[in-house]
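In the form predicted alone, a lone chain appears below as structure tokens.
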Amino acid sequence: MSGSAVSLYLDPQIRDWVLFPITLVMILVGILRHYVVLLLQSPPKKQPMAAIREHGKLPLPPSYYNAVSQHLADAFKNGSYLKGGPGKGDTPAAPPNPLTDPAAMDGMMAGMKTQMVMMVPQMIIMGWINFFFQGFVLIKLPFPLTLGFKAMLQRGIETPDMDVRWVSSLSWYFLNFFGLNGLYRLILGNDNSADSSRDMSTPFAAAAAAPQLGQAQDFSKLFKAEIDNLEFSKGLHSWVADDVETRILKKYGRAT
């Protein structure tokens, strides 16, 4: 009997006790994971006034801005902020140790917590499906597919004569793993932590973006670039309180 003539009928209880529970569990786990990640995120620390002023978040009058710019330019030229003084020649500086930076350690711990929350539930769900529903056929897709999709849609089932449109329980897990992101965006918004694709992309992206231990920053060159930036910024600084008295009087109709 040819494979195209084989008809397969599923028990409705497979739909009620396997298909729907797997889908519902994955949706609920994704939503729960989103709120757990939000709880694990540390609130932003309040910055001291000096740090806020250092990052240029407070308006400065022209006289104070020019004085600070000149002071920084002189300090950068003299190497006042370098531990060993100005750099000598092209001698590379020693690479910094990221483990000694509290801010870097906090970021690493937060990333590890997020990764654990993302990966552990998926491992548990996959083990649950493999233990209880291994070899189950759950659903038939309503559109034709080529034989190239057979290995993807029928994982755990070694039946060469089965129609490629039938989906096994383990393949249904992977389809939900990558296919529920649109539903999560609809329920939780675009910036959500339930996106399952992050489980695959985040470790590699973090590894690519992490600074290499063998690479050291040349702060002498960085300071030279900052000196050039300070030179270019001369004449471009605008004081937000310029002519503020006249503007306030005009706003309230008291200008003369």
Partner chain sequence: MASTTPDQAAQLLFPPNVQYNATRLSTIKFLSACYAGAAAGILGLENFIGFGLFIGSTLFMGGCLWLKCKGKPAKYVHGGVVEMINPGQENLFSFLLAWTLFYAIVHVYD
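Residue numbers count along the first chain shown, from 1. Everything numeric in this text was worked out from a predicted model, so none of it was measured.
Omitted from view is the form predicted together with its partner chain, to which the following refers.
In summary, the region of this chain contacting its partner chain in the predicted complex, judged by heavy atoms within 4.5 Å and restricted to 115-123, 170-178, 68-76, 153-161, corresponds to 170-178.
Shown alone here, V244 lies farther than 4.5 Å from its partner chain in the predicted complex, counting heavy atoms only. Contact annotation for N190: at least one heavy atom lies within 4.5 Å of its partner chain in the predicted complex. Using a 4.5 angstroms threshold between heavy atoms, P144 counts as touching its partner chain in the predicted complex. Using a 4.5 Å cutoff between non-hydrogen atoms, F133 does not count as a contact of its partner chain in the predicted complex.
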